[in-house]
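Just the one chain here, the form predicted alone, laid out as structure tokens.
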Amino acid sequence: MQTFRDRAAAAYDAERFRRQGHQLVDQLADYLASATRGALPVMPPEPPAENLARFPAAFPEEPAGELHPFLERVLAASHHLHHPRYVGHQVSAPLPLAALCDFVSALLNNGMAVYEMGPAATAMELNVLRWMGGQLGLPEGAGGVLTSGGSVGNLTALLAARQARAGYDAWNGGASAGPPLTVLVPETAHYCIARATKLMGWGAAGITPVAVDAHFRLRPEALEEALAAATRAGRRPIAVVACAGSTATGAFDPLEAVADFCERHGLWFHVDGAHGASAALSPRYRHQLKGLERADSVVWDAHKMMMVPALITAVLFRDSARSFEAFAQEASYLFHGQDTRRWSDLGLRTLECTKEMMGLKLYACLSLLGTRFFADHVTASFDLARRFAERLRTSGDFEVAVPPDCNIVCFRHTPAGVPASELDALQGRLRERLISRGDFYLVQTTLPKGVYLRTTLINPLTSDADLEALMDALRGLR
């Protein structure tokens, strides 16, 4: 009878791993070939209950089955982002090279709380951050950390803003150690900003909304009134959050005007560039980020326009020292001695103690594919969105919500004979019918004028012909 040690040795056997690894790469390569040529449904139409039954919580006590057929079921039931007609959420079709690096990260499992637990990964992360800060025009002293997504990234930046501008030590003293705080935020900001302020104990009034214009960009002239409203409500404003590529429409706020306002009033200037900060890579579109180089903090998601697997978010600070203030505490079993700002221990700067080797994927892709590859992707995606919007605008039976600032296009089908009162319901029906067929995947959003279909053109294999086919498919579904 095998002992547990015998079974453990078999589970870690290098030759077995080699065989499974070769089979897995062949399997994923076949899957990738099918997905990129559109031979699969973009999203399988099975309802949640059916997939719960497909993957039951009934696990054998002894080994059973092989990896290959199990993963066939996983692949068949999953959403296929590499399909050229995936034009849904702001989630990339990951580069195969980056996925292979994820494989390495998972096997090495270098947790990175301290340098000793991730020496190579720490070096790559710090230099990726240095490069990203340089692309945004931040000064030489900029720095930060990679973390798990824009929600955690924005929380991290706002925690640092609180320490810098609250006027009291809210980290150690708590939210009641001084006057209640608030941040000025455009009405179009991602919900994670409000979630972050509530997590910090500020309540609903921790967000003071700032009006936006007809293009869903923050109105600079509305900042003074928002500041006055917050003060009248007994709140101490500490920061302004501006968007570079808002979630709903992809709008870029006037960053230079916001920077001027923050400078006049001594407020922290934070830019949520989760989606749009990648515009800095494009010579044609980086002008939309003018003023961002004056920000105190910026969030930039690499898992959106830089085509790496989720989640990799850079939280960058104009002054690198600020990156230590969000989580200023000591953990003696990890961080030794009196130096609580040791530059090589990344756990000092982030909510996470253990995290994956995020920098590996991005560093490898930048090193092996070259930076122009990513610059060209941003430019091509933004160009494609503008061509699509123009095709919609001139079609006669579609309406564009606003001209796109980036690669997000909001539109709706407006066929002749459909009353305006029925257009919202029509968009919802069209979307449901379209995605249930499996040949496209897109989402919808609600704007002041009603319900719009929303596309994010993030897959580099999506073409003008695919978008023309999308319009024809919507026409045929009515």
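Numbers follow the displayed sequence, beginning with 1. Keep in mind that what you see is a predicted model, and the values were worked out from it rather than measured.
Separately, the form predicted together with another copy of the chain exists; it is not shown, and the next lines address it.
Each of 91, 173 and 373 having a non-hydrogen atom within 4.5 Å of another copy of the chain in the model of the complex: is that the case here?
Yes: each residue has a heavy atom within 4.5 Å of the partner.
So in the model of the complex, does any heavy atom of residue 417 sit within 4.5 Å of another copy of the chain?
Close contact is absent here: in the model of the complex, residue 417 is far from another copy of the chain, nothing within 4.5 Å, heavy atoms only.
Should residue 350 be counted as a contact of another copy of the chain in the model of the complex, where contact means heavy atoms within 4.5 Å?
Yes, residue 350 is a contact residue.
If we define contact as a non-hydrogen atom of the residue within 4.5 angstroms of the partner, is residue 28 a contact of another copy of the chain in the model of the complex?
The answer is yes: residue 28 has a heavy atom within 4.5 Å of another copy of the chain.
Do residue 7 and another copy of the chain come within 4.5 Å of each other in the model of the complex, heavy atoms counted?
Because a heavy atom of residue 7 falls inside 4.5 Å of another copy of the chain in the model of the complex, the answer is yes.
Would you mind picking the one in 360, 292, 316, 158 that has a heavy atom within 4.5 Å of another copy of the chain in the model of the complex?
Of the candidates 360, 292, 316, 158, 360 is the one lying within 4.5 Å of another copy of the chain in the model of the complex.
Please pick, from 320, 282, 148, 208, the one residue with any non-hydrogen atom lying within 4.5 angstroms of another copy of the chain in the model of the complex.
It is 148.
Within 4.5 Å of another copy of the chain in the model of the complex, counting heavy atoms only, one of 211-219, 263-271, 164-172, 388-396 shows up; tell me which.
In short, 164-172.
Contacts with another copy of the chain in the model of the complex, stretch 120-138 (heavy atom within 4.5 Å):
Counting only heavy atoms within 4.5 Å of another copy of the chain in the model of the complex, the contacting residues of 120-138 are 120, 123, 124, 126, 127, 128, 130, 131.
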